[in-house]
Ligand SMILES: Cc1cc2nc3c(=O)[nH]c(=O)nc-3n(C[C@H](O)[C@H](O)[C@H](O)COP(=O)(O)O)c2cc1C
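Given next, in structure tokens, is a single chain: the form predicted alone.
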């Protein structure tokens, strides 16, 4: 099985300090958050985790999600590591310039010597998507939006076109694109530069006008082998799209009946697209996993970490709906007990977590779990001990060995990696 950590780098502050306001702009808290994240990242590499991934959200002066640039955070992490892969959960495509993002991810791939993995999200936070993406008329996708149908259509349209552009940039030395939102390159650009005509044939037409463009550098990895993820999803349309594209959706709900429905849908859509994969595979699952010497100690650690962040922040965006049982009506209690009792937070002693994890793996036939690690309010030392117990005690108890994805570099690369010198 593979484990890949979704790291939410909050301010390094206590719940009481968060409540005082503007924790995200306090440089002391941010430096502590980076220090804790650095310790965590290096531990995860040593323990054999497959990847780490960061989110993209902007304007987080509250301090609960200071992760405005996941690619830059990945570059910071790459300089501290040598094996673990670096990803995003995810870059919010409808509000991003796809050409710049394709370039940034390619650079991260080279900086990390081929350890980049990509994650693309549609965006649910309105102040972020509507502000950053205003020139593209981007809207967030939230089920509570009174204009959900139209805004969701625009969001998905942008997401799909931006993804297509990124793939073209990675897959082709030169490319053009003529879509609903982008003309690449735009018409009327004269570029009869003699060096370009000689060194990049095909970029310019016989009339001296720009016909195609290309990014440099391209990815170090063979682009057809780069793993791509789309996180926080239970959307039927997103799951079908992911199955057709060979993208890995990370399912948010822990409710077995709903999760199995997502797996059924992905499997059917993958088969329809000619991808013969076993049921349950090609899909990841989010969880909060905390292991301690006793159940109660693990409950307390989880409640002070993801419990605080989820219940204070994420519930407002409808995250508790991912915990709703089929046919259940009424308000979902916004407590950490709810998160734990409904199976999202797998917390407890070694024996307790082993039992819960074994049931999850057998029920969902999964080989990829993405623990969501809410750095900041929880004790970093207790989180590090939890990860150690998970890998060294829990997984052996249920016969699980960790494996890691092996990147495939472009066949034309025969040289030395930059750290080899």
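Residue numbers count along the first chain shown, from 1. Predicted, not measured: the structure shown is a model, and the values here were computed from it.
As for the form predicted together with this ligand, it is not shown, yet the points below apply to it.
Highlighted residues 6, 156 and 232: every one comes within 4.5 Å of this ligand in the predicted bound form, counting any heavy atom.
In summary, the region of this chain contacting this ligand in the predicted bound form, judged by heavy atoms within 4.5 Å and restricted to 246-254, 188-196, 273-281, 98-106, corresponds to 246-254. The partner is absent here, but in the predicted bound form a heavy atom of 90, alone among 133, 90, 348, 114, sits within 4.5 Å of this ligand. Only one of the listed residues (141, 218, 304, 320) places a non-hydrogen atom within 4.5 angstroms of this ligand in the predicted bound form, and that residue is 141. Taking non-hydrogen atoms only, residue 122 approaches this ligand to within 4.5 angstroms in the predicted bound form. With a 4.5 Å cutoff on heavy atoms, residue 266 does not count as touching this ligand in the predicted bound form; it lies far away. A residue is said to contact a partner when one of its heavy atoms sits within 4.5 Å of a partner heavy atom; residue 286 meets this definition for this ligand in the predicted bound form. Interface residue remark: residue 60 is not counted as part of the site for this ligand in the predicted bound form, having no heavy atom within 4.5 Å. Of the residues in 318-351, none comes within 4.5 Å of this ligand in the predicted bound form through any heavy atom.
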